[in-house]
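Coming up is one lone chain in structure tokens, specifically the form predicted alone.
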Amino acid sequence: MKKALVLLLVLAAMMIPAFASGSGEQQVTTLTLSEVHAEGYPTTLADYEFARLVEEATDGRIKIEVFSGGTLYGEETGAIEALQIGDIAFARVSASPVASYVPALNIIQLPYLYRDGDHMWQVLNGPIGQDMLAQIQESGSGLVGLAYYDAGSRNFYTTKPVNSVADMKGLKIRLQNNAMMVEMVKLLGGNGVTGIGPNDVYSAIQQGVIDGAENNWPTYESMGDYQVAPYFVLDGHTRVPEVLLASEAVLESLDPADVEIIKECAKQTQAYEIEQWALREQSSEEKVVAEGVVVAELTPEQISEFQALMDPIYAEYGAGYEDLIQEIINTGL
């Protein structure tokens, strides 16, 4: 009931863009941004920076109100649907659900695709990534891609050391409900386990239901999983970026000049978010290492061992995109 009341108040604010007590006062348009991550998370900080830049660049004519922690929509798919009908103006989401509208986005999520983070950003900020961003609006989904944000790399963490593919044999690894990821772990010799929520990973490891999971540094640290799975292997199997989206319907209701300002401000926040992400990763890593976590940094040769087993996934999920995959692999070489 409380959540519904908040949503009604937000929608009412969007429907009454002008707030002026006299004819000489400036009209102010308030737009809404939905964020599932908590206050202080790198993407949330970037949301607020986006709001600040837009308000500053429009001399206060456009204000963006950030609703973090899933206040409006606990699932990113709900926020996407709200964008499509113009109920909200912006949302920060993972690239994964957006791939439903732009299938090419599935390609940038293939396991062991990137050499490192720099390689990924060369792709995303180059012609390949920017074309995919443009395709979001061209897809007719009612969505507009504004900018990519960093979400780091996903890595395995387990109850025993993993330094090679052989060490993965038989391990039960908790995964998101993603068929490609399940196949990835199977090819590595392990068993992918789905259906366990992020808040239940700790107890599942503690009870021996699973032998570990996979995620980024901040989640590993903040969820406390490091206490029961103290071995973290930097295999960087996937790097799935976040995307700042806008509602096409809302943007069409604004002055075109303001839309250009919004788009430019969004692009400016990318570097800020990447910086905030790096700081958060560093602090999370330092904390868990101080608590006794053992970090395995794989050599390029060891990573190649993992990568070499992914051919069936590339054949299945990359079918029809072979040239694009090769172009991504060759970027920056």
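In this text the structure is predicted, and so the values were computed from the model without any measurement. Think of the rigid core as the biggest set of C-alphas that the two forms share within 1.5 Å after superposition. Each residue number is its position in the shown sequence, starting from 1.
Not pictured, yet referred to below: the form predicted in complex with beta-D-glucopyranuronic acid.
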Open item on the list: Is N216 near beta-D-glucopyranuronic acid? Define near as a heavy atom within 4.5 Å, in the model of the complex.
Closed with: yes
TODO: Would you please decide whether N191 lies within 4.5 angstroms of beta-D-glucopyranuronic acid in the model of the complex, comparing each non-hydrogen atom pair?
DONE: no
Open item on the list: Would you classify R239 as touching beta-D-glucopyranuronic acid in the model of the complex, given a 4.5 Å non-hydrogen atom cut-off?
Closed with: no
TODO: Give a yes/no on whether H37 approaches beta-D-glucopyranuronic acid to within 4.5 Å in the model of the complex, heavy atoms considered.
DONE: yes
Open item on the list: Which residue, I210, V93, A147, A82, is the contact with beta-D-glucopyranuronic acid in the model of the complex, using a 4.5 Å heavy atom cutoff?
Closed with: V93
Task: Contact residue in the model of the complex, from D235, E76, D87, E221 (heavy atom within 4.5 Å of beta-D-glucopyranuronic acid) - done: E76
Open item on the list: Looking at 168 to 176, 247 to 255, 135 to 143, 99 to 107, which stretch has residues with any non-hydrogen atom within 4.5 Å of beta-D-glucopyranuronic acid in the model of the complex?
Closed with: 168 to 176
Open item on the list: Given a core-based superposition, decide whether the C-alpha of A95 shifts by 2 Å or more between the shown form and the other one.
Closed with: no
Task: Rigid core superposed: Y157 CA moves 2 Å or more between the shown form and the other one - done: yes
Task: Core superposition between the shown form and the other one, C-alpha change of R239 at least 2 Å - done: no
